[in-house]
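Presented as structure tokens, the chain that follows is alone, the form predicted on its own.
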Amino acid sequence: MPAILRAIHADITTLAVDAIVNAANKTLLGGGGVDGAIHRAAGPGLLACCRTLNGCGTGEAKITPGFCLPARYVIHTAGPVWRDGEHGEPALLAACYRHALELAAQAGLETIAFPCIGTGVYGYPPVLAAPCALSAVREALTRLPGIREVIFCCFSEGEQRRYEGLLGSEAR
């Protein structure tokens, strides 16, 4: 059975899924936006664990327990900083989604929620990020049959509508 793909408008730190994805910086030591919110909600254990990971390269992903979050795990990925789209940004953004899904599958996880990676302080235009994210997820899911549900957790209703429009009848 193919994975369910859906978009919601919610606070990602409140989702009871197998894993939430953290749009982290390369240090993995917390920051602003989604990253800061996840670190605050997870508690000090997350920061202590992240200190042992030696950071994360752009497009890569690393997994930790969820600590005080309702999600069992946090998959941290460092998105690309938008320059102009001509410096590998689309490939790096796609790699964030692909590597996060691969880690989830390796850990036997079935449900995962993504924020809109890179569209905050990293400046990736949301109108370009959403189709890139969906394409990367769809491609990865063809190789990862254990993933049952992928949630695109949007910070705004407008972003949710963008994803729903792209998902079309595929959204359930």
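Throughout, we count residues from 1 along the sequence that is shown. Note that the coordinates shown come from a computational prediction; the quantities given were computed from them, not determined experimentally.
The same protein has a further form, the form predicted in complex with a small molecule, not shown here; the description that follows concerns it.
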- Task: Could you check which residue among Gly32, Gly45, Pro131, Pro145 gets a heavy atom within 4.5 Å of the small molecule in the predicted complex?
- Result: Gly32
- Message: Can you tell me whether Asp11 touches the small molecule? I mean in the predicted complex, with a 4.5 angstroms heavy atom cut-off.
- Response: yes
- Message: Is Ala37 part of the interface with the small molecule in the predicted complex - any heavy atom within 4.5 Å?
- Response: yes
- Is Val121 a contact residue for the small molecule in the predicted complex, using a 4.5 Å heavy atom cut-off? yes
- So in the predicted complex, does Cys56 come within 4.5 Å of the small molecule, heavy atom to heavy atom? no
- Message: Please identify, from 135-143, 22-30, 105-113, 56-64, the stretch that has a heavy atom within 4.5 Å of the small molecule in the predicted complex.
- Response: 22-30
